[in-house]
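Single chain ahead, written as structure tokens, the form predicted alone.
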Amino acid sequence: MGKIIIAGAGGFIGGHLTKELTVLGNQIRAVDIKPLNKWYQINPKAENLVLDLREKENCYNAVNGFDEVFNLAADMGGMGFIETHKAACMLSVLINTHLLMAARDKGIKRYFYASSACVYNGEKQSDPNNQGLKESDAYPALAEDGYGWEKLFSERMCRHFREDHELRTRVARFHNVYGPYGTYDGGREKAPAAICRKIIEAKLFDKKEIVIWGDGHQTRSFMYIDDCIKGILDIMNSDIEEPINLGSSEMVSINQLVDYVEEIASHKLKRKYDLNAPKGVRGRNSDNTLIRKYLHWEPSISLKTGLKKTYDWIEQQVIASKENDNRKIIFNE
């Protein structure tokens, strides 16, 4: 048990991590820039603070009196967001910089940084049949413009604070995390949630077509949130000093992802491909050789199983939203 700060606790992964660490008996200070009514999950057992961690003073106030930091805070979303908000994504560097400074000066014992597969060299992701990105594939550097460069720079910051100030830093490169209690609409959602929502809406509103960004042949691997949380905690408590992949090696095309969700929904749709939409790299997959070697870690939840859990949760949200809209119409009349 410990006294732990979770930065970005109002977000998708941060909310699940707050829940797990609270269940384990830790004292949690949960911090996010969003108003509390915009947090994905609020844990009543945590100390919940609304702070802008881009501001240096707020970082010092947040970590004061605590032992460990999990930094998951960032202005980010799916490809539709990060390709059109590059400056906003870059400004997240202030969060990690100021948190590292505060951690150094306030005696933090351990520091976890959530990085991303977007740090990887884009030239190594031009083939849909990607055999898996090894940790060394981040160099020579050619990261995703904006968001990926911020993550790669922040990884280096963690390394140098460890080397120069003996701050125990750990870095995980997340590969497409999905699951319940995450963004599923509004422009920041990622592919699994977006496809679930589109097919749910098509089924509810009797639509015959789904719009897919790109040609559908681009490939990804997707990690369910429960596996992600276990991986975060395993890495934080390990002796692994270099950045390490945290993802699934179960690669699928976007077309296959749509197939899986259509099967869950029992609803087939005509596919329309938007070749002008943001679509990212052609092929991205996680090589889990190192994390298997160090931690014997592999995802335990298959994509189909995780998608079913995610689909069911999003369906509940969409139906509830539809019912609320209907009540507003009746009230207005």
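Counting begins at 1, following the sequence as shown. These numbers come from a predicted model, not from an experiment.
Omitted here: the form predicted in complex with a small molecule. The next part is about that form.
- Not displayed here, the small molecule is approached by Phe174 to within 4.5 Å at the level of heavy atoms in the model of the complex.
- Heavy atoms of Arg54 reach within 4.5 Å of the small molecule in the model of the complex, making it an interface residue.
- Contact between Lys151 and the small molecule in the model of the complex is found at the 4.5 Å heavy atom cutoff.
- Taking the partner from the other structure, the small molecule in the model of the complex has no heavy atom within 4.5 Å of any heavy atom of Ala138.
- Looking at the small molecule in the model of the complex, residues Thr219, Val261 and Gly280 place no heavy atom within 4.5 Å of it.
- Proximity to the small molecule in the model of the complex, taken as heavy atoms within 4.5 Å, picks out 176-184 from the listed stretches 202-210, 154-162, 176-184, 128-136.
- Only one of the listed residues (Asn96, Ser116, Ser248, Thr169) places a non-hydrogen atom within 4.5 angstroms of the small molecule in the model of the complex, and that residue is Ser116.
- Only one of Lys45, His267, Lys34, Arg271 comes within 4.5 Å of the small molecule in the model of the complex through a heavy atom, and that residue is Lys34.
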